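In structure tokens, the next block holds one chain alone, the form predicted alone.
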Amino acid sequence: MPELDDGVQLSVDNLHMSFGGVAALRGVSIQVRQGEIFSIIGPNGAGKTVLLNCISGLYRPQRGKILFEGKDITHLRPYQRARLGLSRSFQKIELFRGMTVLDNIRLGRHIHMRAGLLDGGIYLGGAAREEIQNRDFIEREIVDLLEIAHIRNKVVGMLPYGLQKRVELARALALQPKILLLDEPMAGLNLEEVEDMARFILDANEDKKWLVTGVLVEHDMGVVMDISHHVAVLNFGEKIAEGAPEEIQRDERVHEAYLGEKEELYVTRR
């Protein structure tokens, strides 16, 4: 296993994941440094979401290791990884559509709740204070950061798609994660919504109240090249390139993986 560099927060080493006879990941290794935005890109079917699912614990790889802050989490369950500080959003929105925005976000705070069943049922003393503190955190930090005060009491299923994506990000942030795993957060959004979402991700990464490390799976190359510190490229389950955005833009293997020929692939928003 490669030695960890200083500042590496998440290390994926030689990950293999197969479904029947289909190899979704073949020896993939990445190292994500604390405080950066690390993007994973590649054509459809390259293994990007499978890699994210392995990191979050939804899938258990057949081979390889996953280290989080030096701790081997390869065999931990998703809720155990969440307790350590891993949070995620999903490619397809996974919200409770019949619940309000605030109720959905509060679910992300559940892992921080310490009151037991009896205390919660009586709802006095520590249980009441704990809920008030968590409610204040959601209202003061998350609702304000994501600019969703105007919809906080709305039923999620009645909201436009773009706002639902914002609520899912809010729920992931409610966990106060150390690393935020984002699976195609820009998918299905219009240009204005994409710019807003990119701004929210940058704020969570850069604001001293949050300083969240981001691992991003995304198809919008303009966003990837604008906000990422490092980019890894997968193709047919293998990592074919990794580096700074400007290095990835010049990599011939990346161009060929996407287009089958050497053409200009990226248009940044700057």
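The numbering used is simple: start at 1 and walk along the sequence shown. Everything quoted here is computed from the prediction, not taken from an experiment.
Absent from the display: the form predicted together with a small molecule. The rest refers to it.
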Can you confirm whether 19, 43 and 184, the three residues that make up this candidate site, all sit within 4.5 Å of the small molecule in the model of the complex, judged by heavy atoms? yes
May I ask you to check whether residue 24 falls inside a 4.5 Å heavy atom distance of the small molecule in the model of the complex? yes
Hey, in the model of the complex, is residue 50 touching the small molecule, heavy atoms inside 4.5 Å?
yes
According to a 4.5 angstroms non-hydrogen atom cut-off, is residue 91 in contact with the small molecule in the model of the complex?
yes
Can residue 68 be called a contact residue for the small molecule in the model of the complex at 4.5 Å between heavy atoms?
-> no
Assert contact residue (the small molecule, in the model of the complex, non-hydrogen atom within 4.5 Å, options 63, 33, 229, 219) equals 219
